[in-house]
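One chain comes next, on its own, written as structure tokens: the form predicted on its own.
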């Protein structure tokens, strides 16, 4: 890594080696596309990273990892998610009933699995290292990307430029790939900060993932192996700052109050990290010779485990389109491919963005009585009408519309 091969021309250049970028590389490699991936580091090799995030991989994302041949390596570190519970903790009128969604209603168990983000990235990176047609290039940053008529030119901070037919921007919300392709965004911010960590507890979690819907935003508990849960706790920036400043004992006391003691005594708490909540959606998902995946294309609040799962659907879709073009001896970065990707991803991304943004705003702006009443009626209908509940569960957990083949069970 860090050395370019003598021939610096590739089918695909991927900017960013998070889970979505590496999944894109591994998926494209199945059809012998010649791929180069740029980032500062590739996986963590067991080092402590300070990354306190866990990832709830929903059913179709698990199928993708199975089809890439990496799920067996993930499974020893993953915890099943059998039940998803939503608890209204706003104290508003009319009250919204609690709702519980059981994977067994869909004839599948579980909904998905929870795994540490750094573990998932490391497993994908190890797989990519073993794949002959993937080159991993460590660079402080990519300095320049130029989209030309027949090729794109990617210039790392260290080393010589490379050419590629297709550029995949998997380089996050502040994406150089997106800016280089002159793709604009619609973005917004919330008066919210999320705290992320994990903690251990005395009572079993019973593989139940719980979202407490509170006036400051969601508080999400996602089961981990043993008596542990991953936590994403959304608060106002001022309250988040106070919580982060507490010692472990004080933080555990406030957390136990927030979750109403549902997990018994709280024991060890990991290092806490925080990030401001914002939203972003690219106005196009491809332009020139560049397509966008994951946070380069969309950023969502942490509701319903939609973020990375949406990004993995991006990865599987562009891999499917580019591989089919390669098989047909077509240009994988040609205008037809870019337009097809934009069209096929638009409905999924825009509908998820609207829904998650609406749900988040309904919490922080939910003092408006008609909005609260709408939430209450909607949840009550889900509880009373099993076919409606199953349809909502299937769309939220395992959507089938325009789903790439790699995200189906085989």
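This is a predicted model, so every value here is computed, not measured. Numbering follows the first chain given and starts at 1.
Below: the form predicted together with a small molecule, not depicted.
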| query | finding |
| --- | --- |
| Which of 92-100, 166-174, 256-264, 334-342 sits within 4.5 Å of the small molecule in the predicted bound form, heavy atom basis | 166-174 |
| Close approach of residue 141 to the small molecule in the predicted bound form, 4.5 Å, heavy atom | yes |
| Partner proximity in the predicted bound form: residue 38 to the small molecule, non-hydrogen atom cutoff 4.5 Å | yes |
| Partner contact for residue 306 in the predicted bound form: the small molecule, 4.5 angstroms, heavy atom | yes |
| 4.5 Å heavy atom contact, residue 25 and the small molecule in the predicted bound form | no |
| Complete contact of 152, 181 and 346 with the small molecule in the predicted bound form (any heavy atom, 4.5 Å) | no |
| Option touching the small molecule, based on a heavy atom within 4.5 Å in the predicted bound form, out of 317, 282, 78, 196 | 196 |
| Option touching the small molecule, based on a heavy atom within 4.5 Å in the predicted bound form, out of 29, 363, 64, 55 | 55 |
